[in-house]
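Here we start with a single chain on its own, the form predicted on its own, put down as structure tokens.
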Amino acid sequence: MNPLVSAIERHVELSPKEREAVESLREAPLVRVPARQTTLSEGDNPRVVRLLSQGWAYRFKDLPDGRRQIVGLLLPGDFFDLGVRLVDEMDHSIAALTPIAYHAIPPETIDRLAREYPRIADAFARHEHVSTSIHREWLLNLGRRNAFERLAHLFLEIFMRLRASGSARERECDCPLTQNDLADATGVTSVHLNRTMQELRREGLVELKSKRLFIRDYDRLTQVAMFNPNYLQIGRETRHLAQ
């Protein structure tokens, strides 16, 4: 299934005509980017709406001394930024975590789709609301949870987002993040991250191997992370399936 269709149908049930309209976005040029390459840099004019079709990407901010903070993950079906008309330049950078492919969609196409199909416009708005909700949760993660809780929470968020899109099964999913990536996402040093990862493994909560995440004890991990998936807006049925 088109990952965007899957993402939108978490919010609204599309009619055949609406589904066809969403599918038409894949007619936009497909751009491929190798892993670890920056796709958009802070200060760039984004110009087009980018819809991630394959692979993982991440948003990040760099300090002048080279320190990096990952501020968000992009998964298939995510837009890099629906509001390109509202900004003259990027306030952060986006890089490919794995090899990625995205559709470069003219903003006029998004505007036309929103005008012709109000329910799709509502779904786009909800998509952006979820992105904002995730940023708020990451802020809470960095500001109030300790390293053990942060990492547990991040793993659960990844699993739940992939589970909602049908890309995770039972208690495992892809996780191509390296320990350095995880450190940059949770705001700790790589040494501290390594110790925290070992502690999670010793506690029998999670295991990360061969770029796969295995959740060994979902209930305890949820308790440790104080994880409430309501900010992801994935619906009660999907939450139940993940438990």
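This structure is a prediction, so every number in the text was calculated from the model and none was measured. Heads up: residue numbers just count along the shown sequence, starting at 1.
What comes next is about the form predicted together with another copy of the chain, which does not appear here.
Asks: Could you tell me if S167 has a non-hydrogen atom within 4.5 Å of another copy of the chain in the model of the complex?
Replies: Residue-level check for S167: no, no contact with another copy of the chain.
Asks: Would you please decide whether R67 lies within 4.5 angstroms of another copy of the chain in the model of the complex, comparing each non-hydrogen atom pair?
Replies: Yes, R67 lies within 4.5 Å of another copy of the chain in the model of the complex.
Asks: Hey, in the model of the complex, does G187 get a heavy atom within 4.5 angstroms of another copy of the chain?
Replies: Judged by the heavy-atom cut-off of 4.5 Å, G187 is in contact with another copy of the chain in the model of the complex.
Asks: May I ask you to state whether W138 is within 4.5 Å of another copy of the chain in the model of the complex, using heavy atom distances?
Replies: Looking in the model of the complex, residue contacts with another copy of the chain include W138, since a heavy atom lies within 4.5 Å.
Asks: Report whether all of D122, N146 and N228 sit within 4.5 Å of another copy of the chain in the model of the complex, measuring from non-hydrogen atoms.
Replies: Yes, because D122, N146 and N228 each have a heavy atom that approaches another copy of the chain to within 4.5 Å in the model of the complex.
Asks: Want to guess which of 87-95, 154-162, 101-109, 167-175 is within 4.5 Å of another copy of the chain in the model of the complex, heavy atoms only?
Replies: Heavy-atom contact with the partner occurs in 87-95.
Asks: Pick from A183, A57, V206, L51: which residue has any heavy atom within 4.5 angstroms of another copy of the chain in the model of the complex?
Replies: Partner contact (heavy atom, 4.5 Å) among the options: A183.
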